[in-house]
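For reference, the chain that follows is the form predicted on its own, supplied as structure tokens.
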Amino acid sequence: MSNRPLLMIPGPIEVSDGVSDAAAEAPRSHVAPDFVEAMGGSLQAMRHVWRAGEDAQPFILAGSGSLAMDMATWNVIEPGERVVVVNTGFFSDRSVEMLHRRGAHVTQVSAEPGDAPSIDAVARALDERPTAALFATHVDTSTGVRLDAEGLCRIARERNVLTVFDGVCATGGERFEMDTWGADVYLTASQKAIGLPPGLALLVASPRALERRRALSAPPPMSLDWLEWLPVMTAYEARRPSYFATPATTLVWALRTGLDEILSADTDPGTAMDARVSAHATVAGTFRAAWRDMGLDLVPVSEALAANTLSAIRYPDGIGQELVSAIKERGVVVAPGLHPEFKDRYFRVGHMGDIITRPADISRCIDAVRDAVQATRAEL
């Protein structure tokens, strides 16, 4: 067993040897032919991973998931417009703040931490007043709650409302059918189920979302503006170098490898994505069975709401944050709670990306948690 601690937080995550090797290569010029090929191929592969149509537009930018969230907010919302936010945790709160800074009027549809509002409750909120967009966090990293994205897309499309999904802790690990469901924006960051180190903001916008940007009277800041980046993405996909701002060339080089690994299960991209999502679900089931065996309860109130990319786990009675330290002493790094209302009452384990291909490391993580739980219980 390696002496290096096993990183099992919900991002950044362990990466594959192939991605690690690609990320360790010397930087390339952003106009070098091999980089142009990597960038163009990554844009094309994103459509497959996102299950987006050929007319959807991928964007690859240097930045965090929060940058992708800001970019989505500023490109589809006009100041003064009403937006409905489905709030399931810390990152939903961040989305609300970003919308307020854009000047939107925000209506939140919330539930108790660990739960999710019903589709009917969201539909009623949409019907109250004219609404420009519905924002939702597919999986909120702070609670491990996964929303019914398909149902939200359906009620929004019925009302001609744009949909924007924060998929930071979901993309590549949870089922999302961007084209079939009619979603308008799906965004993520490189350090989650995409399987890379941190540093890339990734999103795909529908034609309807792009038309919305073109119709805005109040443009976004230049560095966030889709219309500044669109010619660059179009050029790279056509295998021509372009420039607006310097891309993160080393990370894009690694992205090409990471996306290829995600799609490697089958020559048909749709089948490959089905396999990838199914593998995440299988591994999540293994972790959930282990938590039950240890007598640990999840934060999500039902298994139907529990994400396949991470587990948010309540501390056992009488045990608190010392459990995280005890797990680390056993060679595995997990994350403490994040939701401000009860962050001292639970911890989080990430299980997304390359880790789903490593049964020995999955067992190593489960054993470390089990040993730590037993040891801390014995000390009570």
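A residue's number is simply how far along the shown sequence it sits, counting from 1. All figures in this text were calculated on a predicted structure; none of them were measured in a lab.
A second form of this protein, the form predicted together with a small molecule, is not displayed here; the remarks below concern that form.
- Contact with the small molecule in the predicted bound form, defined as a heavy atom within 4.5 Å, is made by none of 57, 183 and 208.
- Screening 137 to 145, 224 to 232, 292 to 300, 238 to 246 for residues having heavy atoms within 4.5 Å of the small molecule in the predicted bound form returns a single hit, 137 to 145.
- For the residues 91, 74, 176, 287, the 4.5 Å heavy atom test against the small molecule in the predicted bound form is passed only by 91.
- Note on the partner interface in the predicted bound form: the residue among 189, 152, 164, 204 having a heavy atom within 4.5 angstroms of the small molecule is 189.
- Under a 4.5 angstroms non-hydrogen atom cutoff, the small molecule in the predicted bound form lacks residue 321 among its neighbouring residues.
- With a 4.5 Å cutoff on heavy atoms, residue 169 counts as touching the small molecule in the predicted bound form.
- The shortest heavy atom separation between residue 69 and the small molecule in the predicted bound form is within 4.5 Å.
- The closest heavy atom approach of residue 65 to the small molecule in the predicted bound form falls within 4.5 Å.
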